[in-house]
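First, one chain by itself: the form predicted on its own, in C-alpha cells.
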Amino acid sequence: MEKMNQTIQKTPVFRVLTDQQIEKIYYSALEVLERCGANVFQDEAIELFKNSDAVVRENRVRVPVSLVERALKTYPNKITLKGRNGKRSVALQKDHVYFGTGSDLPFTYDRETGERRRTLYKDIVNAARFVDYLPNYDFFMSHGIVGDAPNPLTYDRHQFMAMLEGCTKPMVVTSVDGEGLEDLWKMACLFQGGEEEFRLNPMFVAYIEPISPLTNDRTAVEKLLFAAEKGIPAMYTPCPSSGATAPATIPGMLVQSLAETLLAVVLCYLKKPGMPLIMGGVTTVMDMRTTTYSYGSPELSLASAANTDISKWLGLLMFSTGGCTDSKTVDEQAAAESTLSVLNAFLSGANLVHDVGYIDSGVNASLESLVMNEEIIGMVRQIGKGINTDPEYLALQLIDEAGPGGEYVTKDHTYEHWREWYFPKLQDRSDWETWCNNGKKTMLDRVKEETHRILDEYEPEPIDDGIRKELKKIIDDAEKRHSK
C-alpha cells in the first residue's frame, strides 16, 4: 500500500545557501543601496530616480528598501525565447536549465596554422554552425568578436548577422550602445513579424554589464532603458573580481553583486514595470599570483550556484556561467574545470548557463572546446534525470522471476530500459585490444575529428533572401551614420 504525505524527489537536490544565509545577503545588499548607493551616469536614469523615493546627489543614487521590494514584485518568472526558425525552444522558468556559448572573445585558434589570431566574421559563423548542430546547446552567444568589421562602432550589427547566418536557435547578444541594441532589435523583428510579436516571442536576450564596484556607465544604462521600453529580455550582469573589484570573501562579493543587480531592478521598474529582467553575475576571483580573472576556479562555480539560490529566493530568473577554463588549450585542465562548472551550474538550476567553450580565461575561442563540452553537458544532463523509484523501476517482480543465479540480458524489461542510459559519442569504452586496433586515439583526437566533420558537413537552414536584403539595409544604414 502506498504511503500518504510522502515527498518523492526524482531529480538531485543541490543548494549552496540556506534561506537564512540568503536573507543575510539580501538585507546586507539593501543596506548597501541605502547607505552607500551607486553611481549612475545617464541623464534619463537620474531623472527617473529623482522622481521616485530614491535619494540623488549628483550622480550618486541611494535607494530605499520599500522601492526595491515594490520593484521585485513586478518581474515575470517565465520568458520563452524563439529562434529565427520559429521554434519556441527555450522556456526560461524556475529550475529549467539551458546551455550556450559566451561572447566577444578577441582571439581564436586558427585551425590551419594552429596559431592564435584575431577572431573574424567567418569564425562567428562557424561557431554558430556548431551550436546549431550540437543538440546540447540551447542558445548562442557569438563566441567571438568580429575583428574584421569595417567600423568598431558598428561591429555588433555584423556580429549579429554572422550569428544569424549560422544558427537558428535563440540568442544572447551584446551591443555597442543603445543605438546598436535598437538595430539588433530591428533585425530580429524581421524574423518575428514585427515589434508586437517580438515582445511575445523574443528571439534574443540582451547582455548588459555594469562596472563593479557599484558603477553604472552611460552606455550600459542606455541599453537597459531601451530594453525596458521595448520589452527586450535583458540580463544585467555584474562581473566583480573578488579581491580586486569586490571584497575578497565570497559573501562580500555576493552582497555587492546583488546590490548592483537590485539597482537595475529598481531602474527598470521606474522606466516600465514588468519588463523581462534576468539576474546575472559572473562572480569569481582574481588570482593574486597572476592577476587573472579566473574562469576555472572552484570559487566561480560556488559563487554562481549561490547567486542562483538567491535568484530563486527573489523570484528572478538567473544567467550563470559554466563550461569554461583558464587553460590555454583543450587539455586535461580544460576538461576538469569545464566539467566542474557545468555540473554545478546544472545542479543549481540556473536558467541560462553561458560561456561554454571559453578557454584562456575568456580570451580565446575554441571549436574543439564546444565539441568536448557537448559530451560533458550530455553526461551532466543524464545525472540530472535523477532516479525514478516507481514500481516499474524498482523491478521487484523481475528480480523474483530471475531468482538467485539468474540473468537479465534476455528480459523484456532490460530491452525496454537500457535505452534510457547515456551513450557517449566521443568517449571510448572499448577494451584495450579494440582501442589499440582503432589507432589508440585519445579523447582529444576524437574531438578534433568531430570538429573537422562538422565543419565539412553541416550547413544550417538559410536565411530568406527578402529578409537578408532588409538585414543588410539596417547594417548599411548604421555604417553610413557612423562613417561621418
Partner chain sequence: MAEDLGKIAESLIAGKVEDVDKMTKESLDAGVSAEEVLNKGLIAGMDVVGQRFKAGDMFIPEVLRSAKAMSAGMEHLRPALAESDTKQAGTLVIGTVEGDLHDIGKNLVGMMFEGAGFKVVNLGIDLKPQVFVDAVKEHKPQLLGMSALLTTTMPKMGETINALKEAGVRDQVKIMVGGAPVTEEYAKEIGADLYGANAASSVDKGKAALGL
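Numbering follows the first chain given and starts at 1. From a predicted model like this one, the values you see are computed outputs, not experimental measurements.
If you look for the form predicted together with the partner chain, you will not find it shown, but the lines that follow are about it.
S.K.: Since the partner isn't included here, can you check whether the partner chain sits close to all of Lys24, Lys94 and Leu225 in the predicted complex (heavy atom within 4.5 Å for each)?
M.R.: No, because Lys24, Lys94 and Leu225 lack any heavy atom that approaches the partner chain to within 4.5 Å in the predicted complex.
S.K.: Under a 4.5 angstroms heavy atom criterion, identify the one residue in Leu190, Val363, Leu302, Ala149 near the partner chain in the predicted complex.
M.R.: Spelling it out, the residue with a heavy atom inside the cut-off is Val363.
S.K.: Among the candidate residues Arg116, Arg199, Arg129, Lys186, which is the single one with a non-hydrogen atom no more than 4.5 Å from the partner chain in the predicted complex?
M.R.: Residue within 4.5 Å of the partner: Arg116.
S.K.: Can you pick the stretch from 346-354, 214-222, 199-207, 253-261 whose heavy atoms fall within 4.5 Å of the partner chain in the predicted complex?
M.R.: It is 214-222 that comes within 4.5 Å of the partner.
S.K.: Residue-level contact is defined here as any heavy atom of the residue lying within 4.5 Å of the partner chain in the predicted complex; does Phe41 satisfy this criterion?
M.R.: Heavy-atom contact with the partner chain at 4.5 Å: present for Phe41.
S.K.: Classify Met286 as contacting or not contacting the partner chain in the predicted complex by the rule of any non-hydrogen atom within 4.5 angstroms, answering yes or no.
M.R.: Flag for Met286 set to yes.
S.K.: Although the partner isn't part of this model, could you tell me whether Thr291 comes within 4.5 Å of the partner chain in the predicted complex, counting any heavy atom of the residue?
M.R.: Thr291 belongs to the contact set for the partner chain.
S.K.: Although the partner isn't part of this model, could you tell me whether Ala336 comes within 4.5 Å of the partner chain in the predicted complex, counting any heavy atom of the residue?
M.R.: Ala336: no contact with the partner chain in the predicted complex.
S.K.: Go through 243-262 residue by residue and record those having a heavy atom within 4.5 Å of the partner chain in the predicted complex; state none if no residue qualifies.
M.R.: The stretch touches the partner through Ala244, Thr245.
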